[in-house]
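Just one chain follows, in the form predicted alone, and it is written as structure tokens.
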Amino acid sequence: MLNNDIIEEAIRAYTMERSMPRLIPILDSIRKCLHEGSQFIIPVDSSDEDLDQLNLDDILANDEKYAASSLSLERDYHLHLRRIETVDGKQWLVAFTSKKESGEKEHLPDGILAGGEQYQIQVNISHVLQVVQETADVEGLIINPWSQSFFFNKGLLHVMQKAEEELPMRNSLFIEQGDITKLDVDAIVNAANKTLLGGGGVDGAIHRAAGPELLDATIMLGGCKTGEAKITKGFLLKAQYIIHTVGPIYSGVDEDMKDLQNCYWNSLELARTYHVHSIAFPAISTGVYGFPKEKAAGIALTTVAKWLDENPEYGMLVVLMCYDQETYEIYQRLTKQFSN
């Protein structure tokens, strides 16, 4: 079964800006496809004599007798898995996510050396990763080397396997600048108004990106009080869920700070209820609601950090997403102060 669109999409996003928050979706997408029994296309090198001993039509048709294990393919049936070598002399096994990717060989990435003719077979991702792990003289797997390639080394494989065996993953917090609607995370948080029916700023952008079904879903929620949080599906977004929270309209009283703390805390609590392990927040209440950006950023950082400290075994990746450069610089400065 070739159904690896989410892997290709995650790799494209990562190659645009190589950062840790964009690396996590690649590992998650591989894990998801692995669980669904999806397959990679694997090029193999073999002599004509070796191939004459096999029913190649059965192999290419994905007969379970041959595709059951990559190890047996190489050891018992003399189909040797293809390798390529980078300019630093390291060896990598090769995998493609789709037939389209496996056919794009005209433009090789810098530093990649390619060999001669090859056959291709489809093999379960789980078996491919087993071969990578057990082959001592390879660094790992290069996915889609002819286009937007991704080097999946043994270190990343170990991270993914440990996360699988010892869930949850380690808590982590990132500061990013950009469009929250484009993030590939489990949930994004919407800085909504009390009606939950859409508005300006982040609220309007999320409603437009998620599509008209979001309005139908929020109508059913019956509004939301300041500091509380409610959840809907993500609809057309990459995120599976949207968590809607209502920030305070700033008036300078202590209650404003408490309400803003509740927005972050209650959103994280709701996320945990829905088994969300990656979540992105906008800078809640800092737009037309007038909350001073530096004060709001301090509340966001301390509240999120406290939640992560109190839930060390959950494994939550939090992205504090800044729409503008000013907010991003404020977060960066405050983060350095907190770490000192």
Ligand code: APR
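All residue numbers are counted from 1 along the displayed sequence. Owing to the predicted nature of the structure, the values given are computational and were not obtained by experimental measurement.
The same protein has a further form, the form predicted in complex with adenosine-5-diphosphoribose, not shown here; the description that follows concerns it.
Proximity of Gly200 to adenosine-5-diphosphoribose in the predicted bound form, heavy atoms at 4.5 Å: The answer is yes: Gly200 has a heavy atom within 4.5 Å of adenosine-5-diphosphoribose.
Are any of the heavy atoms in Tyr14 no more than 4.5 Å from a heavy atom of adenosine-5-diphosphoribose in the predicted bound form? No, Tyr14 is distant from the partner.
Though only this chain appears here, would Gly287 touch adenosine-5-diphosphoribose in the predicted bound form if you measure heavy atom gaps against 4.5 Å? Looking in the predicted bound form, residue contacts with adenosine-5-diphosphoribose include Gly287, since a heavy atom lies within 4.5 Å.
Val123 versus adenosine-5-diphosphoribose, in the predicted bound form: is there a non-hydrogen atom within 4.5 Å? Contact check for Val123: no, nothing within 4.5 Å of adenosine-5-diphosphoribose in the predicted bound form.
Single option in Ala283, Ala271, Ile42, Ile30 placed near adenosine-5-diphosphoribose in the predicted bound form, where near means a heavy atom within 4.5 Å: In short, Ala283.
Scan Ile180, Leu141, Ile243, Ala239 and let me know which has any heavy atom within 4.5 Å of adenosine-5-diphosphoribose in the predicted bound form. Residue within 4.5 Å of the partner: Ile180.
Tell me which of 228-236, 82-90, 172-180, 125-133 has residues with heavy atoms within 4.5 angstroms of adenosine-5-diphosphoribose in the predicted bound form? Partner-contacting stretch among the options: 172-180.
Using a 4.5 Å cut-off on heavy atoms, which residues of 185-199 contact adenosine-5-diphosphoribose in the predicted bound form? The stretch touches the partner through Ala191, Ala192, Asn193, Gly198, Gly199.
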